[in-house]
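Listed next as structure tokens: two forms of one protein chain, kept apart as structure 1 and structure 2.
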Structure 1
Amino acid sequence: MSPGALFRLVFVVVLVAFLAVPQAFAPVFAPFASNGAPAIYTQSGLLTLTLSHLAMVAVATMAATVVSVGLAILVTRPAGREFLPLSRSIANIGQTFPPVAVLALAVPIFGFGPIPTLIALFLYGLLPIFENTLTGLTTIPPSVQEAARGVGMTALQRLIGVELPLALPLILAGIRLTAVISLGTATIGSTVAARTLGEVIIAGLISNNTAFVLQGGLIVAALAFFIHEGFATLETALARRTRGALLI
């Protein structure tokens, strides 16, 4: 087993153990808790919060994937091509909307709770996936597209058989980007009463308890790390299969 894989395995075990029996780790966090404050957040279970956090990110990311891949396909078809330049610049400008602002603007419309957070995560998640799918679908080598038409594939056969498979590594990269960003942004959702790990961090900020901030932050960072790694492995495997895509 390589050192990297071993490190990852240990990391997973530690994370799972911490989520299962947080109290066992109290001594680790105790030095960061000031004035006899509790070292481990107990208001809600860390595991429950983690699961709810992940569920929110998963739902938002999946919805964003479906919508943005669909849109990207639409604007790269002949019928939707006139929307392509505009959709590009909207995606570009949309990226500039700060996630916190999206969240803040969603609250007046949808009220407190998980909904504004889901909306913000969804909206903010659209752009990276859309942009990457677009790049993937528009950078297919001309000779490959020409060949696909030349052998008599219909538009649908070309999309499913050639364009999407070739764009897949880039689409996955977009989903990864969205998932990792959402994971961090979801913490802010706790300021509008969504049940995420942000709750732990905010509790720490309010009570001046660094131990809480640390454990909330570390769990999110670890989750982000694993999601990043998982997707990256998948992307590399796929890209290796089609490595010549841009050379052929």
Structure 2
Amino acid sequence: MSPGALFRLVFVVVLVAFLAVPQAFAPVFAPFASNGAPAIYTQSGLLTLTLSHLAMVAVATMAATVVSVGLAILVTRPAGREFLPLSRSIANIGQTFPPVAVLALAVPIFGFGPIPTLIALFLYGLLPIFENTLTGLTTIPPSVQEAARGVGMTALQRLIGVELPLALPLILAGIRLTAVISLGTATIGSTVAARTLGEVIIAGLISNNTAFVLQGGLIVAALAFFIHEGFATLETALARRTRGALLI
């Protein structure tokens, strides 16, 4: 086992152990706790908050992926090329309005809870996936396209069997970026009563308890690291397979 793989394995074991039995790590965080304050956050289970946080990010990222990939496919077809400026404007909405502004606009309409946070994450995640998918679909070698036409593949068959598989590494890179950004951004959802790890961080800030802030921040950072590494590994494998297919 390589040192990098061993490090990741140890990292996973420590994270799982901390989420399962956080009180066992109290001596580690005790030096950062305020005088007399608890070292471990116990108002809600850290494992429960982590799963809720991940679920929110997953739902928002999947929704952003469906919409972004769909828009990119539309504007790369002959009949949809005129919609490229409009599609770019839609994908840019999340970058135009920061998540805090989206929350402020969504709460009066949808009330407190997870929905405003999901909307903010969804909008913020559109652009990276859209632009990467667009790049992937528009940079396929013309010779590959011609070969697909030469064997009698229809436009739909070329899209499903050739274009999307070749663009998949770039699409995954966009999804990876969206997921990692969403993991950090989701913490602000706790300001509108969404169940995220931001609850731990906010509790620490309010009570001036650095131990709580560290716990929430470290869990989010660890999750972002694992998701980044997982997607990066998958992208590398797919890119290698794609290069091999093009050489055949």
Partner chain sequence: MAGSDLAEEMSGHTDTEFQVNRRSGPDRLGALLVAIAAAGLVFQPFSLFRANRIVAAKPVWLLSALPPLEAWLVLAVVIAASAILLLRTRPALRLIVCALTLAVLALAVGRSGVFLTPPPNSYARVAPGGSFWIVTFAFSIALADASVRLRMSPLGRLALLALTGGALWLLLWSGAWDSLSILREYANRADVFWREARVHLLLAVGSLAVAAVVGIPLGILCFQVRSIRATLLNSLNILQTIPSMALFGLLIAPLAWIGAHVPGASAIGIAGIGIAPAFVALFAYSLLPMVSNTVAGLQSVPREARDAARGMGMTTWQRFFEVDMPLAFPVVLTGIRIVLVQNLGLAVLAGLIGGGGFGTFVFQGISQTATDLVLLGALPTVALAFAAAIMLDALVEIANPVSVRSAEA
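Just so we're on the same page, rigid core means the largest C-alpha set that superposes within 1.5 Å between forms. Bear in mind the structure is a predicted one, so any value in this text is a computation, not a measurement. Each residue is numbered by where it sits in the sequence of structure 1, with counting from 1.
- Comparing the two isolated copies of the chain, the first one is the form predicted together with its partner chain.
- Relative to the superposed core, residue 77 shifts its CA atom by less than 2 Å between the two structures.
- With a cut-off of 2 Å and the rigid core superposed, residue 155 has a Cα displacement that falls short of the cut-off between the two structures.
- When the rigid core is held fixed, the Cα atom of residue 177 travels less than 2 angstroms between the two structures.
- Here the rigid core is superposed, and residue 105 then shows its C-alpha moved by 2.9 angstrom between the two structures.
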